[in-house]
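Quick heads-up: it's one chain on its own, the form predicted alone, in structure tokens.
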């Protein structure tokens, strides 16, 4: 038989136990309320494209302390490069960087940004993508891919690198030059438009090819030329600036929809801070590379870039590539100052 005193004591113990359970559960509840942001990138730790994600995380930690659980996965350790969009559609990934070439596979009109001399320089790149053109194109990407680009990161500007010094002013001056290009038809077409004889060759074979004369030159952003030591087997850099490449910091629409408007704004601001960090450092590295090559004895020359742009754009406009570009888009890009 339970006495009133015993019953009261038992109720007190049960209440105390329940309070303890609730109190201990609070931290877990708060932890679960954090917005999970998993990031996948193939970038290696020393790359600016890897370091910028730390800037992204730090920005969110400062603007929204305790609201986000940002998990950075480098070296394609979470998803292989190219597999990210599908993972984002499945809800297994929230953020990544995606190239114009990858976007163009599912959004053909975006291929305009894979063509030569469409984007003039990093400043033009930012004006194009941060303005009405970017707004329109990113909206199309969001509708067709279920991901939304948040900010544009500068990937680098490709330049021509030659074994022997040539007086290069226009595409005609590159006639007969066997220039190594990546093996896809898109890259080979760009080489033809530049006036060279495009020669497909694996990247790992380029150094030896330059040394032996199998190829007369190659094209890459200057930091790549420096890292691969192509300057050891070449004598000239021609600043053709024929492709200003981009990476887009993108978020899955599913992840974005799960946030409050204030949180979405903070994530966008963090992406902007990350891309600005990358862009500033990559541009600085490219400028330093020019001085470095001069110190190594290479001639660094600048051709008639407008002549190159006119020739290459004409080649694209007369090709099948331009048939999928929205009417007037190229003119709008060219008019962006």
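Keep in mind the model is a prediction, meaning the values are calculated, not measured. Take the two forms, find the largest set of C-alpha atoms that superpose within 1.5 Å, and that set is the rigid core. Numbering follows the first chain given and starts at 1.
The protein also exists as the form predicted in complex with a small molecule; that form is not presented, and the subsequent description refers to it.
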{"query": "Residue among 174, 145, 155, 210 with a heavy atom within 4.5 Å of the small molecule in the predicted bound form", "finding": "155"}
{"query": "One residue of 289, 279, 41, 59 in contact with the small molecule, assessed in the predicted bound form (non-hydrogen atom, 4.5 angstroms)", "finding": "41"}
{"query": "Stretch from 135-143, 109-117, 231-239, 181-189 whose residues place a heavy atom within 4.5 Å of the small molecule in the predicted bound form", "finding": "181-189"}
{"query": "Partner contact for residue 220 in the predicted bound form: the small molecule, 4.5 angstroms, heavy atom", "finding": "yes"}
{"query": "Contact label in the predicted bound form: residue 47 to the small molecule, heavy atom within 4.5 Å", "finding": "yes"}
{"query": "The small molecule contact in the predicted bound form: residue 73, any heavy atom under 4.5 Å", "finding": "no"}
{"query": "Any non-hydrogen atom of residue 92 within 4.5 angstroms of the small molecule in the predicted bound form", "finding": "no"}
{"query": "Threshold 2 Å Cα movement between the shown form and the other one at residue 230, rigid core reference", "finding": "yes"}
{"query": "Core-aligned CA displacement of residue 202 at least 2 Å between the shown form and the other one", "finding": "yes"}
{"query": "Large Cα shift (2 Å or above) at residue 125 between the shown form and the other one, core-fitted", "finding": "no"}
